[in-house]
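Quick setup: one chain, the form predicted alone, written in structure tokens, and binding and motion questions come after.
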């Protein structure tokens, strides 16, 4: 694996085996995470963004199952490690910032106890060292009076404070790779910006790789250097952020940009919606998953699934429609 690559995912497939049938949540996803970068994953709800992150961390629970693929980290396939081996990696080498801190944090234990537990799991036994580190990480996420806050419980915190505590928990052991799964969903706009600024500053300070998962294309565009666009459990476009915003290639990506709220000079908003519905993930999709909604769909789009092909330097899309002269 190249020196600048932190994580490599190859043909990851994850399904949920339910009474209604098999839900194909992640369908052959492959991508790299570079060292020190903030990579964005964008797509609508149910497209497989979060399940991909949980699969990489090997935390898919019943009835879910990782069917196949590789997740290479430091030369090891994480999908072949035992639960005890993965437990040592989670928190110390990679971690996750969840989208709802009120459910992610345990209401029965103080904030300080939960962060201290991360150090204990990694083998630290000195109580004075654990306390010092806990106070330090709470201070670094800018929680006021960390010596007092560490004794409080999640219900005593505001939404923004809980999110900061959750970030502290995720970053306590200075992981190399962090997945931030919709980390600002339940927060107001001002607090959202503060939390994202905090994640960025800690990323630079700790030289981490961050995978920012969101349905908000504007947020991804402001924060990430590179973007993966997900649709129906697959990556349908990948590009540097500036390139994607200037030349979106896949019809779905173009539709996403068209759906962004824009205000005209006359004061009227003009968001556009994409016709049709997302495919049923219970189906075994063998053709282009976006074809039923695509204005450019041809016969071949309903017959076979397109591969991810280059349309420019570092820019790929999964579409049968050729783009002359690169993405337009």
Partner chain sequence: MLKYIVRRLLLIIPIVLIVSILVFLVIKMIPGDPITIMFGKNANAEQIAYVKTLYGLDKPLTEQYFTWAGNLLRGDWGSSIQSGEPVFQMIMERMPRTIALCFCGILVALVISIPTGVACARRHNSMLDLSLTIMNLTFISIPGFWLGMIFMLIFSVKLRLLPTSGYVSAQESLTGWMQCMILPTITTAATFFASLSRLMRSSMLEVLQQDYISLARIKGNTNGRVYYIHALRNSLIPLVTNIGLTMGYLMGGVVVIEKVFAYPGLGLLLINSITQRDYPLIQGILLIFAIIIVVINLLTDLAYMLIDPKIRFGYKKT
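Residue numbers count along the first chain shown, from 1. Fair warning: this is a prediction, and the values are worked out from it, not measured in the lab.
Although not depicted, the form predicted together with its partner chain is the subject of the following passage.
With a 4.5 Å cutoff on heavy atoms, residue 62 counts as touching its partner chain in the predicted bound form. Put simply, residue 72 is far from its partner chain in the predicted bound form: not one heavy atom of it is within 4.5 Å. Within 4.5 Å of any heavy atom of its partner chain in the predicted bound form lies no heavy atom of residue 134. The closest heavy atom approach of residue 230 to its partner chain in the predicted bound form falls outside 4.5 Å. Figure note: of the listed segments 206-214, 136-144, 92-100, 72-80, the one touching its partner chain in the predicted bound form, with heavy atoms no more than 4.5 Å away, is 92-100. For the options 152, 240, 200, 124, the one in contact with its partner chain in the predicted bound form, meaning a heavy atom within 4.5 Å, is 152. Of all the residues from 104-127, those having a non-hydrogen atom no more than 4.5 Å from its partner chain in the predicted bound form are 104, 105, 106, 107, 108, 109, 113, 114, 117, 118, 121, 122.
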